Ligand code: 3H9
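In C-alpha cells, the next block holds one chain alone, the form predicted alone.
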C-alpha cells in the first residue's frame, strides 16, 4: 500500500496504490492527506492530479473500515476532501475504470473530472445499507439536478464514461486521462461544487420541493422492510437543497454514522463479506481448474435451456442434447427471443446477441459430446433416468471431461456409480430460471476431486454466478433447509391457519412470496414426488398433497393448486384465495386427528417457518454439509429471497439471539411435537452465549 508521487510541469500526480482495487482505506488516507497538504503548500505546484495504479482509479472505501470505530487520530477520505476544499490549488481526478463510492466522492471534490472510455462511476453504498458519507449527497445534486442525483444513488447506477460526460459529471474523456488532466489544470481555474447551489429539476419551483421529497419517500420500501438507508438518503439529498453546503454536509455525516451502526447495514455488510468468503475452501488452493472451452447440456427443457444460455453468456460453446423436435424448437425460440429482448433493451449489440445465440447448437446424438470439457445433466428428477444418462456420458465423453448433475435433491454419489470416473462427477445445482438466478450450488461427492471443484467454481465465476459449496445431502443446503420451512407451513395450515395467512405473514417478514405460492409456482407434483422419495423430510400429518395431486391441482401450470389462478388476470400468476382448499385442509386434519387452533399469531407463523430454517441450518453445519453459516445465508438471500437486510437465516438468528431461538424451539417441542428437536450445534451456541458469526468449521464440507 502506497501513494506514488511525481511532478510534471508544475502539476503533482498522486497515484493511489492499494491492490487489488486501490481502496481508500483509513491507512491509505493517512498517507494521502499529508501529500495533499504538502502539494497545497508548495508554491511550485499549480495543481494536483489523482490517479490510480494498475489501470484502476479506486473501488472506494475499504468496507472493513466501516466496522472499525475511528479514533481522533484516524484519517478518512473525509479528511482528504476537506484538505482539498481548503486548498488554493486546482485538483483533477484522472479516472480509468472504476471510481466507486468514496472514490467518486473524491472526484466530485476535485475541480475537474477526466475519464478514459473505460471509466465507470457509481455510488454503490445503498447496497450496503449506507449512503455516500464524504459529501456525495451534497455535491452530486450541485452537478446534476436533485431528482437525477437521487436516482443515481438510490439505484446504485453504474455510469459509463459516455453517460457521465453527457450529464456533465465528467468534463472530458480521452485515452490518456492523466495527460488530459495535466493540460486542463494548466488552462483551468478553481471551480468547487461546494460553491454552487443544488439544481432543481427543470420547471420545478422551490415551493414544490416538499412534494418531490414526499414522493421520493413513497417510492422506496418502508424503513423496516429494507428501505432504512433509502429514506436517510432522501433526507440527505433534501438537505443539499434546504441547507447551506456546510450544514448539509454535517447532516449527511450524521445520517451516515447512524446507518453504519444500524442493523440493516450490518446485515448487508455480512452478506457482502460472506459472498467474498465463498471461494475460500480448505484444500482447494493448490487445485488445478480445467479450461472449459466446450460444454454440453442434457435436456432442452426450461432448466436445460436456461443453463445453455448461461454457458453462451460466459463465452463457452454449448451443445444441447434433446431428442424431441418440438422441444428443440421451443428452446431455440426461448434463446433467440431472450437475446432479441436484450438487444431491444440496449444490453447487447445485435452482433453480440447473434454470436451468443449461434454458440448454442442442438443434437440428439450423445456421440457429438466426446470433446466436451464439462457436461451438465438437466433431465427428469429420477435416479434411474439420471444414472442412465451418466452411463451414456461416461462412455462417450473424453477422459478428463467433467460430468455434473443439476439435480436438486438426489444423491451425487449414487449417480457417480453409473460411471468409471467418480472423481469427475459432481453436482451443479442451478436455480430457476437458470439464466436469471445468480445462485449456483456446487455439490461435492465423496470421490469428487479438488480439480473438479476448482473447475466448477471457475465456470461459475465465468457465468457470474454466486457459487456455494455443499456436501452431498438430500436437498443439499437450500432445499434441505427448505423442507423444514415447508413442513411448518403445511403444519400451520393443517392446524387451521389458511394458506393465504401463512403467505401474508412471510411476505410481511420480507420474502418475495409465501410458501404456498412458492409450492404452486414450482408445482404440487414436485412436492408429491419428493414426498414419495423421502417421506422423512417432506411430509405433513395429513394427505393434503396426495389429495391435490389426485385432483390435478398442480399449481400455476394447471390453474389451481393451493390457490386458484385466473389467466385473464396477471397472466394467471396471481394467487387467489380458494375456500375449497381451506375446507380440504380441515377435512384432512379431522381425519388425521390434528387439533384446530384459532389463536395462531403472525409472530408464531414467522417463528415456526424461520426457526425451522435456522435449526436445519445448524444441523447441516454440524454435519459438515455447509462450510460456514455465511454460506447458508448466501444460499437463502440469493436463491430463496430471504430479506438481505436481515442477512440470511443464520445472521438473523444472531440478531434475535441464538438463545431466544433455542428457547422457542424447546417450547415448540413441548407444545407441537418431537419433530422440533434442536440441533446439537444450536444448543451448544445457545448455552455458551455465542453466535453463528463466531462459528468456525472444523473441516471442509463433505459428502
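Owing to the predicted nature of the structure, the values given are computational and were not obtained by experimental measurement. Numbering follows the first chain given and starts at 1.
A second form of this protein, the form predicted in complex with ligand 3H9, is not displayed here; the remarks below concern that form.
K.L.:
To test your reading of this chain, name the stretch in 123-131, 612-620, 188-196, 576-584 whose heavy atoms come within 4.5 Å of ligand 3H9 in the predicted bound form.
P.N.:
Checking each option against the 4.5 Å cut-off leaves 123-131.
K.L.:
Should residue 455 be classed as touching ligand 3H9 in the predicted bound form when contacts are defined as heavy atoms within 4.5 Å?
P.N.:
Contact with ligand 3H9, no.
K.L.:
Answer with yes or no whether residue 380 is in contact with ligand 3H9 in the predicted bound form, where contact means some heavy atom within 4.5 Å.
P.N.:
Output for residue 380 is no: heavy atoms all beyond 4.5 Å of ligand 3H9.
K.L.:
When the contact criterion is heavy atoms within 4.5 Å, does residue 652 count as touching ligand 3H9 in the predicted bound form?
P.N.:
Heavy-atom contact with ligand 3H9 at 4.5 Å: absent for residue 652.
K.L.:
Looking in the predicted bound form, any heavy atom of residue 77 within 4.5 Å of ligand 3H9?
P.N.:
Within the cut-off, so yes.
K.L.:
Find the only residue in 14, 11, 21, 681 having a heavy atom within 4.5 Å of ligand 3H9 in the predicted bound form.
P.N.:
Only one option qualifies, and that one is 21.
K.L.:
Exactly one of 100, 140, 320, 240 has a non-hydrogen atom within 4.5 Å of ligand 3H9 in the predicted bound form; which residue is it?
P.N.:
It is 100 that has a heavy atom within 4.5 Å of the partner.
K.L.:
In the predicted bound form, which residues of 403-426 put a heavy atom within 4.5 Å of ligand 3H9?
P.N.:
Contacts from 403-426: none.
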